[in-house]
Ligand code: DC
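Taking the form predicted on its own, here's one chain by itself in structure tokens.
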Amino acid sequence: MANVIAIDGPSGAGKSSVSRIVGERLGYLHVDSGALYRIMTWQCLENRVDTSDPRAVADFAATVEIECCPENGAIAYYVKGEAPGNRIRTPEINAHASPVATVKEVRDRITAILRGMTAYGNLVVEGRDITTAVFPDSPARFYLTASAEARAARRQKEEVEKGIANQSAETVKASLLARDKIDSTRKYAPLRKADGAMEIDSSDLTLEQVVETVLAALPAEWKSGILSA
């Protein structure tokens, strides 16, 4: 049975960076579950599906074929042989992703895809319901959080560096808080700290400090493969 490190938390808490480095240190595959919801959102918009209509989203999502394959220490995604790249990281996708992610049929399908990835080996999976709904039995579950200001600053910096957008910090913060509300209040698999998960507030921690905290909390038998930084 594959080992699964499950990491949840809101946007901008540092899940992606932490998960990627933890995966590199352990030789585990990094899995970005949020990208799957963004791909569904991207495909909805590309095909003019009304993302405010749950039935339309559910029906369309069932037709989207996503290819998953291990590449360079992570699970890569393709749609019709095409990698989505930064097209799924735009403000437009951000605005529509939460409504798409509230659709039960979408979450059920993506949960099944994520669980199937254990066939590839040991995983570090990040998302919003990984510790509560996807891999609730993992002995290594973490909830990363940070202040809204810290998260907004990180997200704004990321968008500018990648040339995705050039929004103000306040605009990014408002978007993050709006998504937090939708994600934490949705009926199916809401964002929340799972019972028994370790909470890590990264507001005033360096990336390396968060990584070391995660590694130190893993089951002893999982640490044998840790590679030096």
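Bear in mind the structure is a predicted one, so any value in this text is a computation, not a measurement. One-based numbering along the sequence shown.
FYI, the form predicted together with the ligand isn't displayed, but the following is about it.
Although the partner is absent here, Ala146 lies well away from the ligand in the model of the complex, with no heavy atom inside 4.5 Å.
Within 4.5 Å of some heavy atom of the ligand in the model of the complex lies at least one heavy atom of Arg179. Shown alone here, Ser98 lies within 4.5 Å of the ligand in the model of the complex, counting heavy atoms only. The ligand is not shown here, and in the model of the complex it never comes within 4.5 Å of any heavy atom of Ser202.
Checking 163-171, 27-35, 47-55, 61-69 against the ligand in the model of the complex, the stretch whose residues place heavy atoms within 4.5 Å of it is 27-35. Looking at the ligand in the model of the complex, residues Ser17, Arg141 and Arg192 place no heavy atom within 4.5 Å of it. In the model of the complex, Arg155 is the single residue of 140-158 with at least one heavy atom within 4.5 Å of the ligand.
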